[in-house]
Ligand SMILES: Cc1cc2nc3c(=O)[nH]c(=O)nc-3n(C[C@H](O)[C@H](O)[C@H](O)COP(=O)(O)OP(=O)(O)OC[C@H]3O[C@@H](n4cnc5c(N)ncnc54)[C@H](O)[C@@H]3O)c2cc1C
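We begin with a single chain expressed as structure tokens, specifically the form predicted alone.
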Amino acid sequence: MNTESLPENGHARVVVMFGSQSGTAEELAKNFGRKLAALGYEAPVVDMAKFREVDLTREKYLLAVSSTWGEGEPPDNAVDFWNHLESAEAPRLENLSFSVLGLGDTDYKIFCGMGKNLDRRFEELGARRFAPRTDCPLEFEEPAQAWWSSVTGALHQLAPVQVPGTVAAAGEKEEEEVPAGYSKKNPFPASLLVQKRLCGPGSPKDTRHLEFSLAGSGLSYEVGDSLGLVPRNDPALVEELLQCVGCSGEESVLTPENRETSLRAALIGSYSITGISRKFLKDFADRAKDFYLKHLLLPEMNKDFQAWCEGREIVDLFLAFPQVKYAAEELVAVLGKLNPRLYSISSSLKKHPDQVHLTVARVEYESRGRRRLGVASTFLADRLPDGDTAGVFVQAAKGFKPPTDPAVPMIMVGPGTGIAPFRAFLEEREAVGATGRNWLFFGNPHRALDYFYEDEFEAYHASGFLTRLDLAWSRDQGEKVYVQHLLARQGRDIWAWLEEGAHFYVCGDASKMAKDVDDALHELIATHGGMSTDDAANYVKQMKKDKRYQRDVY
């Protein structure tokens, strides 16, 4: 045994650090910490926001678990840690051995960007990778388990513990914990009670308000949480794909959970049949014997691969190469699992017992001469009539909650469907009699067509419960006006609220809106707080540390 890896108590020490936006990476890291402790290791679990509490130059083993925010950026609690690693003051880490687990969403161009960046940077700083990095999609359980087996197997060789019989053999899979009640692995069949359009006739948008019954489920949620929804693929697209592949749909196949069913049923409810994965394209390119498709899969062609995939679906490949056919079992072997979708909950249980509400934009667009439909949004809007059920589960969000003190002011910025959690926040605060002031910024193209929940918000405002209501209608005048422009106009008053302890919340589009709002926040703090750019940035960092600046962006 390498005794240098042992602290004074004689147990090998493995630090587990997490970067988490929604809480998933944090829960995984804490679970890994518990498992390591059960195996006999000393395993402190450290929030990346508190990275200075750990001296990585003196540590021997590190597990880093991190999600990715937006397009390859670190989650909020990992920003400072990442900036530190990238800075000139970053220490050399020659004594450290590490492994990284990345969490991400394959719908984004930069998949698991933060995990990849950590993996690269640790190596650049001299650390050694003792188990390969794993990049997990939304359905992370299986790849995370495979990574864990790899990690424990390597640790058993590198730093065996001194507690006999506690370390599993390399690669040995532990018994999986079976969650009690309804969960992601056992979704509740929730009945759709109400569905109504939130946009007026003539609006270019189609956003729906949906209400589901949770009666009898035992499920509970807090405002700020998300609802996981298990969608189903469009049967018309399934039939087109079956015709292209050369299958009848009645063939017997296994689902990802190893349940036997027909190919048609599996394609509707179990497998992803839209986005093109590298795994699928590699198999298809080999069958098509197409040089360009194979070339796209080269590591240096990643940007070209992402650009080529944009606006294309699996069926496009079969239409372009009609000679390529698959047997049923061959097809499902190269398809990914149909992942659940997460939606910000737009209701409070205190106001709507046994119900959960969603605010969902129906996605439809034209691309490469074909009509494209969002899988989950059109399932809800077009293929789920009132009374039918959809599988749901609650995804807790630890980093997106209203102030625990009901007297603390709250500023909310939520254009478009980003309004969802703030409807819930306001319902919750009204139900508990919170006295803190509330300020809402909302925006959309046209007031007459796209003012979601107008009656509710106007009534809140008229009563004084919603202290201030600022609305940005981007297409109602010659000059486009967005929520970030309203923030700049109201900068003096926002600064006054912040100085009184107000919490600042943002929900909505991560690619542009959230960045523009963040820039506007920094600028108004610098301007009205009389600060330099660096001091304003430090003020915002402190807000994040104090959980006064929270974001739910996608």
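Heads up: residue numbers just count along the shown sequence, starting at 1. Computed from a predicted model, the values in this text were never measured in an experiment. Take the two forms, find the largest set of C-alpha atoms that superpose within 1.5 Å, and that set is the rigid core.
Missing here is the form predicted together with the ligand; even so, the following discussion is about that form.
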item	value
Triple contact flag Ser226, Tyr365 and Val375 to the ligand in the predicted bound form, non-hydrogen atom at 4.5 angstroms	yes
The ligand: the contacting residue among Ala420, Leu281, Leu426, Val238 in the predicted bound form [heavy atom, 4.5 Å]	Ala420
Contact residue in the predicted bound form, from Phe400, Trp148, Tyr343, Phe393 (heavy atom within 4.5 Å of the ligand)	Tyr343
Non-hydrogen atom contact Ala154 with the ligand in the predicted bound form at 4.5 angstroms	no
Leu449 within 4.5 Å of the ligand in the predicted bound form, heavy atoms	no
Partner contact for Leu349 in the predicted bound form: the ligand, 4.5 angstroms, heavy atom	no
4.5 angstroms heavy atom contact with the ligand in the predicted bound form for Ser270	no
The ligand in the predicted bound form: contacting segment from 479-487, 462-470, 401-409, 354-362, heavy atom within 4.5 Å	354-362
Residues in 530-554 with any heavy atom within 4.5 Å of the ligand in the predicted bound form	Asp552, Tyr554
Trp69 C-alpha moves between this form and the one not shown by 2 Å or more, core aligned	yes
Cα-Cα trend for Ser22 and Val517, given that in the predicted bound form the distance shifts by 3 Å or more	farther
Inter-Cα distance between Gly399 and Asp76 in the predicted bound form, nearer or further [3 Å or more]	closer
